[in-house]
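Next comes just one chain, in structure tokens: the form predicted alone.
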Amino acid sequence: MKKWIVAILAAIIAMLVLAPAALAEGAPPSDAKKGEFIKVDTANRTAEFRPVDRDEPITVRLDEPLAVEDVHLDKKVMVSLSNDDGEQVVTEISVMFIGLEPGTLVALLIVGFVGGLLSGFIGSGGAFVLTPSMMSLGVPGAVAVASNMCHKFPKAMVGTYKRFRYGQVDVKLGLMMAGSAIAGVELGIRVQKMILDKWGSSGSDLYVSFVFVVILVIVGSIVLRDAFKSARGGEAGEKKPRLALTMQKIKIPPMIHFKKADVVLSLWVTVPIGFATGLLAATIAVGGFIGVPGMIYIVGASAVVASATELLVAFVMGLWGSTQWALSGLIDIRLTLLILATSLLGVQLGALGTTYVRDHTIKLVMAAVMLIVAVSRGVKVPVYMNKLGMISVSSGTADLLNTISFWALIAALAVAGGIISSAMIKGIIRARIEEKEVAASRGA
């Protein structure tokens, strides 16, 4: 029995809630504020900063590691402030909404397309590629999470419709999981806001990256092993996981028949899966790689039905979470629309690809991209810890880690696009050959 699946869900919920306490022990909290600089005094290293919550500006001093060039006038920024004998000192400056130069614009469009392919193909919103990609382009972690959640729900809506037409969505299961997912979204947003307010952008970036590494390594390894087992055993010989069969023996009312998933299950079995999905989605803009494996291994749905149903869950919780993030002013609508523009095309191609592939191919794509992205985020952890003063990293080492992170992310995008495209092409060719053979046999 795969008891470790239940343990992982419990560990994820505990980690997301308790990790901020561990972060607090590593670096003293600072007062993070959103606003804009309106004036800078180069000689005295002071500046006039106007927070969004007050009309009058405050005078702040720049900490020694900061350069005067780091002060961006008339741009919305987030600063971390410390108190030095009654004087407000700026220890960190993060531009909340990055500039859109031609190179950045093209990169966002490509990332959106690949994220859309993944969304339609494996049922996740693709944010475990999109969020790290945006952070690598200079977007603060909290803004990347909020903007990705905002772009997710219209894309998930399109993906849900396409997969529903293919007869792959269990609407009843999706809506019931979405109910508990909303509760998870609420808690996740509160945790992320608390980290951002107390430790600033670097604290948020560290938290997002740390959670990414832990979750991606654990879930990616499990799914990869299962993909190889499925490939060796063949699709016809696959059985429902023993854990799912055990969960179906739990007879706590209400018992519900999920027709498309072909299971009769207690409603309460779906609650922790939905809650963990929503909690992750609100914290790091990713929930599909918990929701999809959860529906496969705990509910007992096939990979195709699980990936399709997760799109419906993503739509509901994405709509709810986006509203909450928008009220906090952390959504960059420009990034949302750019990524959405190409991901809507990608999600349709990805959904089409599922009609030509087997279950183990979907699992293989999910696992491969997860593990590569884990490397990309993992090497950034020391960089963020250095910014928070938790460890010391030389500038040369930091540059090397940033380079490794970037190219690992490029590799993840290439692997995702390559495997999905190859599977689609082979599937289409195989389908046409079979059609010709059928037509020839009828003619004979």
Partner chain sequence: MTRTAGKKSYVRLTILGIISLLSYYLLLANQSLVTDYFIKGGAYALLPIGTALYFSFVHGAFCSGLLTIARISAKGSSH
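Just so it is clear, the model here is predicted, and its values are computed rather than measured. Numbering follows the first chain given and starts at 1.
Missing here is the form predicted together with the partner chain; even so, the following discussion is about that form.
Note on the partner interface in the model of the complex: the residue among L340, L81, M176, V269 having a heavy atom within 4.5 angstroms of the partner chain is L340.
Taking a 4.5 Å heavy atom cutoff to the partner chain in the model of the complex, the contact residue among R225, K172, K76, R190 is K76.
Screening 302-310, 128-136, 92-100, 217-225 for residues having heavy atoms within 4.5 Å of the partner chain in the model of the complex returns a single hit, 92-100. At a distance threshold of 4.5 angstroms between non-hydrogen atoms, K387 is out of contact with the partner chain in the model of the complex. The shortest heavy atom separation between T323 and the partner chain in the model of the complex is within 4.5 Å.
Contact annotation for P293: none of its heavy atoms lies within 4.5 Å of the partner chain in the model of the complex. Among heavy atoms of L265, none comes within 4.5 Å of the partner chain in the model of the complex.
By the 4.5 Å heavy atom rule, the three marked residues K162, L327 and I428 all count as contacting the partner chain in the model of the complex. For the partner-free chain shown, just V52 of 50-75 comes within 4.5 angstroms of the partner chain in the model of the complex, judged by any non-hydrogen atom.
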